[in-house]
Each structure stands twice: as structure tokens, then as C-alpha cells.
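Take a look at this single chain in C-alpha cells; it is the form predicted alone.
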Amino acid sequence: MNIFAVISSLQNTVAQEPFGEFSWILNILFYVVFIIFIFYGQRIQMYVMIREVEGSLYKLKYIKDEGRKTAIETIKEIGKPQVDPTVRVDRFLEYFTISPQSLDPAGVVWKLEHILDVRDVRFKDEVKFMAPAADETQVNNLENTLEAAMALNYIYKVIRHYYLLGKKTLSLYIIMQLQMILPLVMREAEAYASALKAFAYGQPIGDGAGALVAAKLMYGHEKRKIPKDCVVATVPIEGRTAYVIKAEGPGGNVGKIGDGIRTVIEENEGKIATVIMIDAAMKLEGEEIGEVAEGVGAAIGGPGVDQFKIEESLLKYRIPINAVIVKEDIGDAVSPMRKEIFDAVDKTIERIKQVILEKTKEGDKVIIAGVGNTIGIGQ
């Protein structure tokens, strides 16, 4: 409630009792409070906000420490290291990636791809060193586990930085902005905490909706590997030949779907009637989890390298591209897959068949790419 309204209300109350024994004391107190709020109201408000931010920061620290603990215990359990991996895990959590220079944007996609490749190799080498007994699938899962712990560590450090900066400079605007975004930050941190457990146990996550659709379509058909970390199966659907692509599972892996689609297009010399991409997508508040929607364009997240390659390949041969998405929020995307998302897989397959019937004719070739993290999802 507005402080001036409170004071006014109390003054009116006192005024109704002019002969009260202590009315003059109350009057003085009201004026003292009034003057304090005129000169120090903003600072009092800031201290209240600082206390609220402190509470969230303590919670973030707890989540971050639990994430680190889970990562270390999982590495010890699966990797059977000869030495304690704690020091190496702590060093891993501080890794960073520097984006390429983009003052001259020509060729920046390939520079970004190179840096991401180096990062991927470096992470895998680190995991293999920490967990020598882990097989390829477990290495991928452990890498994802450490990346989730790394994200929690980074979120905590950024929030702590702005908290300390705001407290040090007594800047109301820094603290106020921090307090306003904290509900969203806490939601994201809790999502990563759930993801960490899912990665540690190798459970499918909501982001794997597209990969699960592809796995279901290619089940029982012969698969072959294509670049990079992807598999493809030739599946007859509604009288058409469908090349179904997904990242190779069941380890935590998103593959290079862009390279996979480009390879299949070149193998068929561009004679592809349409490409259909399936991915999980962020829903708006009020939309149902697992709702299926349809559109056009390359449905794929990430830094944009794969989307660039897909669009380049499609443009070369003028191939149309359609997209089918399964809606979910950030928490669902990185948490163990919910039933609503699992149930959406069959609806998505029906929508894909509908697109194929409407946009292609019998005998055509189509590409169906299931995008997303394939942890816990084989082929």
C-alpha cells in the first residue's frame, strides 16, 4: 500500500478522536515516519529488494552445489576413475567459449562451426580422461551432465556478480532489474537441475520429441550412419520413399542434422520433393504442453550453423521445407519427458503423413528429420 495513503488514513483516524490521551504522540510519530520516507524511502525499498535477491542467491548456490555433487558422483560411479575427479570437474565448470569475430560477417558460420567442433572434441576428451571406464554412450551422457552443471555454475556466478555490484554501488536500478528477472532465472535454474538428473540417469528429455518421432518411424528398418553423429533409414510412407534422419542414440547427442540432410540431398542429386523437420518448440503461456503445430522453415535450435547449412542446401535445389513442432516450455524441454509430450508423438506422425499426402505425389522422395537431444532414445 502507498505509504502516504497509510499516513493519511491514520491521521484521519486520530482526527476522529481529538481528545485521545496519546493523540499528540501519534501525530509526531506520523510526521517522523513521513519525513523518513521522503528522504530514505528509496533506500529502504532497495534494502528490502536486496534481502529478496539474497534469498534467491542462496537457493541458486544450493542448486549449483547439488549439480556439481551429482556430476562428481555420476563420474565416480560410471567412469571408475583411479583418482578423485573433483579438481578436474571444478576446472571443467569454468570452461568458456569465445565467439568468432564477426566484423566481416562473410564466412562467420564456418568459423563458428570450427570453434564448436573444437569445443566438442575438448569436452569429450576431458570426460574420457575423468571417466576412463565409460563407453561412447556414457561419455555423451556424462558430457551433457557436466554441461548442465556448468550452466548452473554460470547462472549462479552472473546473478552473484550483479548482486554484489548493486550492493557495492547501492544502485537501485541494478538491484531492481535483478529482482525483476529472478523469477525467470530461478525457473531456468530449476530446469537445468532437472536436466542434470535426467542426463545422469540417461532418461529421455522433452527436447527429444523430434528424435522420438524419427525413432518410431525408422523402427524395424535398416539404418546407416551419415555425417556427423546421425543415422538415416529408408522408410516407405504413403507410397513415397522417406529418408528418416535423427541423431545417433541412445547417448546424449544432437548430431549435425544439417550435414545429415545435406548428405541425403546430394546423394539424390537434389531430387527431393520436400523436407519435413520435427522439433520441440517453446510454447507461450496458456498453450497446452504437447500441442502439435505446423508451419514452414527449418525447425532447429542451437547456434544456427545447422540451420544455415539446411537452408543453403534447400536453396540450391529449390526444395520446399515444412516444419511440425511439439510445444513445451523450457522446464519440460530439459526435464525427463512428460507423458503429454510422449503422447504427442503419434499425433505428430499423423500430421507428417497429412503433409506428405497434401504436398507430394506417389513415388516422390521426402526427407523427415527428427531434431533434438536423443538421450535415452535409440533407433
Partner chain sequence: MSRTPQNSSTKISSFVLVIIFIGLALSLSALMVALAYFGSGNEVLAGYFLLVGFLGVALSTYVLFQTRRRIMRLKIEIPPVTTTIECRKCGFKSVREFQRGDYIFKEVEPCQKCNDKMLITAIYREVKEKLSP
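Bear in mind the structure is a predicted one, so any value in this text is a computation, not a measurement. Positions refer to the first chain, counted from 1.
Beyond what is shown, the protein has a form predicted together with the partner chain; the following relates to that form.
- Flag K61 as yes or no: does it have a non-hydrogen atom within 4.5 angstroms of any non-hydrogen atom of the partner chain in the model of the complex? So K61 counts as contacting the partner chain.
- Item | Contact test in the model of the complex: E328 vs the partner chain, heavy atoms, 4.5 Å | The answer is no: E328 has no heavy atom within 4.5 Å of the partner chain.
- T70 within 4.5 Å of the partner chain in the model of the complex, heavy atoms: It does: once the partner chain is placed as it appears in the model of the complex, T70 has a heavy atom within 4.5 Å of it.
- Is Y201 one of the residues lying within 4.5 Å of the partner chain in the model of the complex, judged by heavy atom distances? Contact check for Y201: yes, within 4.5 Å of the partner chain in the model of the complex.
- Query: Is every one of K216, P336 and K339 in contact with the partner chain in the model of the complex, taking contact as a heavy atom within 4.5 Å?
  - Reply: Affirmative, all three are within 4.5 Å.
- Message: Looking at 188-196, 90-98, 254-262, 296-304, which stretch has residues with any non-hydrogen atom within 4.5 Å of the partner chain in the model of the complex?
- Response: Checking each option against the 4.5 Å cut-off leaves 188-196.
- Query: Since exactly one of E77, D120, E238, D135 fits, which has a heavy atom within 4.5 Å of the partner chain in the model of the complex?
  - Reply: Of the listed residues, the single hit is E77.
- Go through 349-377 residue by residue and record those having a heavy atom within 4.5 Å of the partner chain in the model of the complex; state none if no residue qualifies. The stretch touches the partner through G376, I377.
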